[in-house]
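Presented as structure tokens, the chain that follows is alone, the form predicted alone.
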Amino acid sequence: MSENKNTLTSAVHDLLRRAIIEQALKPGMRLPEDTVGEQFGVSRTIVRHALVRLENEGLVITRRNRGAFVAEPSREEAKQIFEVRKCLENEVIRMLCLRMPENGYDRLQAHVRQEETVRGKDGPVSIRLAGEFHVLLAELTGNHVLVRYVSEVVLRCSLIMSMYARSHSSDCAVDEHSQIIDAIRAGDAPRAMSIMDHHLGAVAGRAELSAQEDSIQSILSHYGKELAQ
């Protein structure tokens, strides 16, 4: 692929990914190559390459003879993703407690200030910024492989939140992000990991991953009570 095509592919990929994470493109929504290409003024080939990248990140799925769709993770898959994320982020904390880049704390504090601007405003932007904080932590380790995996699970968690979460508390996110920074600065890995575990547990809790689909019995029980009156 030429440099120009690669640049266009990256641009389309980034825009589509942002639209998915900010919940403009909903889980299950079809992504026709010709429609996407027309909107961005690029060829279907460029769109196809961008969609392949998104599929590799777990944000898009391709269905035979039907095209590409925004992914719809199952609750079981979502639980597995959160389990992996917890392991990866604890390793990030362990590494940062041993070695933090010179400007690391400044970058983290700057990001938290950005999160403060949307404090109290539930919505797609606060979800995106919260995810970007965790990616920044991984980037500060200097381990590019770790960054890649953390980025993928954070993106997929954002998609999960758009599917299952009924609310997103930006207040809790910002406060706990600040506490994590303070614990890392103090070199207290166990405390930082404990805060992170609680933080991710709260996120998973808002996604209600243990909830089951209502059975026909539970749905109709309410109406049955009316009949019995």
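Remember, it's a predicted structure, so these values are computed and weren't measured experimentally. Numbering starts at 1 and runs along the sequence shown.
Below, we refer to the form predicted together with the DNA, which is not included among the displayed structures.
- This chain is displayed without the DNA, yet in the model of the complex the stretch 62 to 70 from 173 to 181, 156 to 164, 186 to 194, 62 to 70 comes within 4.5 Å of it by heavy atoms.
- The candidate spot formed by 127, 129 and 151 is out of contact with the DNA in the model of the complex: none of the three has a heavy atom within 4.5 Å.
- When contacts are judged by a 4.5 Å heavy atom cut-off, residue 50 does not count as touching the DNA in the model of the complex.
- Residue contact check for residue 33: one or more of its heavy atoms lie within 4.5 Å of the DNA in the model of the complex.
- Within 4.5 Å of some heavy atom of the DNA in the model of the complex lies at least one heavy atom of residue 44.
- Using a 4.5 angstroms limit between non-hydrogen atoms, residue 23 is distant from the DNA in the model of the complex.
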